[in-house]
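Given as structure tokens, the chain that follows is alone and in the form predicted on its own.
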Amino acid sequence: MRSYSLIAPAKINLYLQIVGDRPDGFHELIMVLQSIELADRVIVRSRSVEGVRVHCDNPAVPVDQTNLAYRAAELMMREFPETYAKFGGIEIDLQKRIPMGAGLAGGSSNAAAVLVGIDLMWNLGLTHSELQDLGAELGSDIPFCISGGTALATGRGEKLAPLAGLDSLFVVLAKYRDLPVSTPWAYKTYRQKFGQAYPKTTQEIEAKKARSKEILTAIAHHDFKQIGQQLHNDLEQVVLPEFEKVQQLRDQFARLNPIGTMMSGSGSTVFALAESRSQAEEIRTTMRSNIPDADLELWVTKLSQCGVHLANH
């Protein structure tokens, strides 16, 4: 029985701008995506019978077709039927560390790991871009989760351009365990609230896109102070008014003088950037004493230049 053990890193958004509507019903986005060292472990192995089987150490995670990792295995079986017939079904073991409904792309990263693992196990020899094209069929974050690092993402998030790495920075993550935010809800609510003001002409669209230049320049120059000031997430405009606890986390972080603080993706995770591990640990300790809520989870981790990669046993 062949098996591969992969590390599937989470991601945060350093920038998320909704430019407007796309003809396919999605939003046109400009995002800066960043891998972090907080990660799940995904073990992919062959099984002697057909089909897909998923196990997870978190009972809240679905193990059926609603799980992106399950759908990634099904996609590979459909795309490569002869290889599937030769090797048999797929068993997937998810060891979760990335929280659910957190805006950290945990599900997408697991799916990315399954695509990479099956490629290795079946000796398919797919290129990075071929794996990313497959991932884009399942979800907009999956292509980035395959490559990782620091990247500019456009389109619906699937078009990627690598940026200068920021792996010297640390990050503190804060999330209430029982407070997920639905990504479809966040985008739908944003459209309902601001859709009338979406740019219509090419000139208006380009003018709106120009806003991202400042954070891209700051990243290129490793200007951490400027990166902190240019953190931006349009979805905060709908999530923070609706979820008072997420706003509270952001306010508390801001008082502790990090490089910058923001909600990641559609939430409900809020993060603070720090220049050193000691500063990050200090921020976490102060947050814990300021909000002594047993439901609040806090992590200190580092920005990373790694996407999905093989685990060192």
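Note that residue numbering begins at 1 and tracks the sequence as displayed. Quantities reported herein were computed from a predicted structural model and do not represent experimental measurements.
There is another form of this protein, the form predicted in complex with a small molecule, and it is not shown here; the text below is about that form.
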{"item": "Which of 38-46, 247-255, 24-32, 274-282 lines the interface with the small molecule in the predicted complex (heavy atom within 4.5 Å)", "value": "24-32"}
{"item": "Any non-hydrogen atom of residue 232 within 4.5 angstroms of the small molecule in the predicted complex", "value": "no"}
{"item": "Proximity of residue 183 to the small molecule in the predicted complex, heavy atoms at 4.5 Å", "value": "yes"}
{"item": "Residue contact check: residue 224 to the small molecule in the predicted complex, 4.5 Å heavy atom", "value": "no"}
{"item": "Distance check, residue 140 to the small molecule in the predicted complex, heavy atom within 4.5 Å", "value": "yes"}
{"item": "One residue of 187, 243, 87, 80 in contact with the small molecule, assessed in the predicted complex (non-hydrogen atom, 4.5 angstroms)", "value": "187"}
